[in-house]
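One chain comes next, on its own, written out as structure tokens in the form predicted on its own.
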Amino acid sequence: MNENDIKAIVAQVIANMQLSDTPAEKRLGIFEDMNDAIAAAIEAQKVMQKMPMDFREKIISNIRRLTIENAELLARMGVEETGMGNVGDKILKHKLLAEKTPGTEDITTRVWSGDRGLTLIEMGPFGVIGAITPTTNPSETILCNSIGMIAGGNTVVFNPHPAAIKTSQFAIELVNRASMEAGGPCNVATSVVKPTLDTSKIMMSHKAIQLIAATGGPGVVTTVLSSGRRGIGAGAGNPPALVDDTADIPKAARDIVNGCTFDNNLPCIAEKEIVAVESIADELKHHLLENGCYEATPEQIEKLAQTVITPKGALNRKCVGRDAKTLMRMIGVEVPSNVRCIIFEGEKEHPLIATELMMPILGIVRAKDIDDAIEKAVWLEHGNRHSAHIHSKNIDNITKYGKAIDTAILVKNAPSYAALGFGGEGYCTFTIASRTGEGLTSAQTFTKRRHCIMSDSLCIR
């Protein structure tokens, strides 16, 4: 263990001690009661609403800086608390959100000018937003959401996943530190000491909360959409990676493995299964094996299925976000240290293929041709309209697939994480609202449009 490792462990221990020992009244944005957390966010939003756009940007700049400075600590806390993912990739995710989450530049004004006057469409805040965040990307989602919501002039009340309380609360405190260091109010982001289903119900039914952003599983999104409030629902996905006979097969294999294994397959956009045209399936498997994959036997796959999926059909939480070596060790199999991903062949109905696993397990489904491949990929996506991937040099095939799959994200010839601006163009978000139609959320998602009309004036021409 080197000096840097020791420093990281000491810093983590200190942070955890502070989170558990400091009374709620002395913590930034953390309250014993959800009603108090909402009341504090309301007061902070009254201050925020009077502040100009460039002041919001100062707060956001501080959030970006503090996120980068604490990226390793947040990553280690997240892995330790949830048991999911890996530190290296979580560090990259924190740096990515700090650098590529849109801020106030995303808030734009549209103008119409004509003989009858001038009309502006401006983006205004909702006020106080309620947000439910997941255990898979706890601090990443909170920090990313905070940047976008504050850019829109809002404050936010978080109800984090109970399995990621410490990491989530530390991120919330960072957001408030960023605001206070810029001369802004505390409580621009708030939460409670012990988030539960009851605290989420209080939040969702409070009259001051007019917008709820939920990042999580289908049950969470359904609850939010039934709340009577406007909801932004970022739910499940089971993204298929289609590979046709025109693809650059060595590159496709490399990209798929890199995307599937990033943070042990926790991102909802990550490749969850492969649909390969028959004529290139064997070549693709060869290159997958060369890129750190292990082909499990039918007996091993049966044991894996019984281990990672419970008798009731739910995921075994002890398996989610675990690396390939750990998963194989759970069924009594030791694999080489360079193994990154577990692959096997099966029909599309196989439980390890049809189920969104959030683990580096890739089932391969063979297809007769591109039409058969598209049909199987659409079935596997289950109508979530979330994410899909394709490796092809045939524009017609890509177009046909894109129309059929109809997802918020479609990545062509790249790892899945290119969709978030990592090795691709665009911006970062950890709230991808496929179910409610917003797609990749950003600052403007958390605003409402206001038409400002000046009749028969301010038209000079």
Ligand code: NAD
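The shown structure was predicted, so the numbers you read here are calculated from the model rather than taken from an experiment. Note that residue numbering follows the sequence shown and begins at 1.
Only in words, not in the display: the form predicted together with nicotinamide-adenine-dinucleotide (NAD), which the text now covers.
- Although the partner is absent from this view, His386 contacts nicotinamide-adenine-dinucleotide (NAD) in the model of the complex, with a non-hydrogen atom inside 4.5 angstroms.
- Although the partner is absent here, Asn154 lies well away from nicotinamide-adenine-dinucleotide (NAD) in the model of the complex, with no heavy atom inside 4.5 Å.
- Interface residue remark: Lys376 is not counted as part of the site for nicotinamide-adenine-dinucleotide (NAD) in the model of the complex, having no heavy atom within 4.5 Å.
- nicotinamide-adenine-dinucleotide (NAD) is not shown here, and in the model of the complex it never comes within 4.5 Å of any heavy atom of His286.
- Considering nicotinamide-adenine-dinucleotide (NAD) in the model of the complex, the lone stretch of 287-295, 241-249, 159-167, 115-123 in range is 159-167 [heavy atom distance within 4.5 Å].
- With the partner removed from view, the residue among Ile132, Val308, Val365, Ile390 that has a non-hydrogen atom within 4.5 Å of nicotinamide-adenine-dinucleotide (NAD) in the model of the complex turns out to be Ile132.
- In summary, among the residues Arg317, His382, Arg329, Lys100, the only one with a non-hydrogen atom within 4.5 Å of nicotinamide-adenine-dinucleotide (NAD) in the model of the complex is Arg317.
- Highlighted residues Asn62, Cys186 and Ser191: none comes within 4.5 Å of nicotinamide-adenine-dinucleotide (NAD) in the model of the complex, counting any heavy atom.
- Interface residues of 418-439, taken as those with a heavy atom within 4.5 Å of nicotinamide-adenine-dinucleotide (NAD) in the model of the complex (partner not displayed): Phe430, Thr431, Ile432, Ser434, in sequence order.
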